[in-house]
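Have a look below at one chain only, the form predicted on its own, in C-alpha cells format.
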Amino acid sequence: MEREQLLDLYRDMWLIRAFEQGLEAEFEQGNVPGMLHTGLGQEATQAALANNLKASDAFFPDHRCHGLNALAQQRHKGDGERIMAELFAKSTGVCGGKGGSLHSADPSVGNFGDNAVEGSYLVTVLGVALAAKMRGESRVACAVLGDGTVGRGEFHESLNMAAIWDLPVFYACVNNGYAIATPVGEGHASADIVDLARGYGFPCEQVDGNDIVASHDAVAKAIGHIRAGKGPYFLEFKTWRWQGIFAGEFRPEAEVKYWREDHDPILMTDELLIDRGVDADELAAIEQQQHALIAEWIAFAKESPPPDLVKATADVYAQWEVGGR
C-alpha cells in the first residue's frame, strides 16, 4: 500500500476515534439521548469498509458503526456533522433527529440504517441485493454484523438464500470477542465465526481487523469478487471493543493489555507510517486536526434546533393514509 493511501486511512481512523470519544463525553454529560454503543478499538474495520464502498452501494451498519456512517456522509456529501446532529436528536440530523444511534440512515450515501432488532437487516439486505441483480447493477449490498447476531436465525437464513440465489451480498462480520458479556467461544460452536459460514458454499475469509492494511486489502478483494458477478462473500474481522455493554463488565487483565496496548489499530498504523518515514509530529498533527473537526461537529449539533413537534408523525409511513373499509 502506498504511503499516501495509508495516511488517508490513518486520518479516517482518527476521525472515527475522535468522533466516538467526543460523543461518549457528551453522552456522559446527558447531551446525547437514548443508548450509546461505541466502536472504540474497531476503527480499522470501519475505515477499511468506508474506503471501499461507493455511494451507489448499500450498507446496513450495526450499532457500533457511527464512524462508518460519518465517513460515508463526509466522503460523499461533505456533511459528516449531520450524523453527529442525528445522534443529538437535532433537526439538522440525517433523519431530522428521529433516527438516533440505531436508525441513522441516508441511502444517497449508501447508508440504509441499522435496526433495533439485531439481525433483522440480514433479511433486508437480501432485497436490496436481489433488486441489484435483477437490474443488472454492479452494486454491493453490505451487512455489517457482530458475532452476537450470528446466534439468530436470520443469520443462517440470509447466508443460505444469498448462496442459493447467488446474490451480491457482502457479509462484514465484526467479531469483537463478546456478545454483551458472553465470550464468543462460549456462545457459538467456534470462536471463529468464519467456520460457521463456510458451509454455505461461497468464499469465506478471516482477517486481523486491527491491521488496517490487511483489512483494507481483504475488503477490496471481497468487493472485487462481488462486483465481478461471482456472488456473496463473507469476511470476518477479528477485533476487540474497548468498552463493555455496561459498567463493571469483567475482562481478563492480559486480554485488555493485549488489545488496548499491544494491538491498538491506530498505534499499529503509527508504527507502519514511522517505518515509512512519516514524522511523528505529522501524525500528532493529524490526530489534533481530527479532534478539532469533531469538536466543530459537536458544536454544530449542540447549536442545532430540536425537531419540530408539529412534524412528529411526518415520514413515519410512506404515503400513510387512514380510512374506513
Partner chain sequence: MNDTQLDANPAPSDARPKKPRKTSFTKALNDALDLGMDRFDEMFLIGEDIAEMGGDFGVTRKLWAKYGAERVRDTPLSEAAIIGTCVGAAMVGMRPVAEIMFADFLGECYDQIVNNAAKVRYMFDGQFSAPLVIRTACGGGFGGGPHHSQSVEGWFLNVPGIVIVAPSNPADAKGLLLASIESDDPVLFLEHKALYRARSDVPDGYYTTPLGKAAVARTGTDLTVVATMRMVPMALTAAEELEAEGVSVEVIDLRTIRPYDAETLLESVAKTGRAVVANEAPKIGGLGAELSARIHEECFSELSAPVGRVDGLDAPIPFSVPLEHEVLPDETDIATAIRATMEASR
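Numbering follows the first chain given and starts at 1. What you are looking at is a predicted structure, and each value in this text was computed from that prediction instead of being measured.
What comes next is about the form predicted together with its partner chain, which is not displayed.
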query: Touches its partner chain in the model of the complex: V94 (any heavy atom, 4.5 Å); finding: yes
query: S138: touches its partner chain in the model of the complex, heavy atom cutoff 4.5 angstroms; finding: no
query: Partner contact for D308 in the model of the complex: its partner chain, 4.5 angstroms, heavy atom; finding: no
query: 4.5 angstroms heavy atom contact with its partner chain in the model of the complex for N115; finding: yes
query: Candidate stretches 177-185, 140-148, 207-215, 126-134 - the one whose heavy atoms come within 4.5 Å of its partner chain in the model of the complex; finding: 126-134
query: In the model of the complex, the one of H76, R152, R241, H225 near its partner chain [non-hydrogen atom within 4.5 angstroms]; finding: R152
query: Of I164, A220, A189, I245, the one that lies within 4.5 Å of its partner chain in the model of the complex (heavy atoms); finding: I164
query: Three-residue site D62, G201 and I266 fully in contact with its partner chain in the model of the complex at 4.5 Å by heavy atom; finding: no
query: Stretch 216-230 - residues with a heavy atom within 4.5 Å of its partner chain in the model of the complex; finding: none
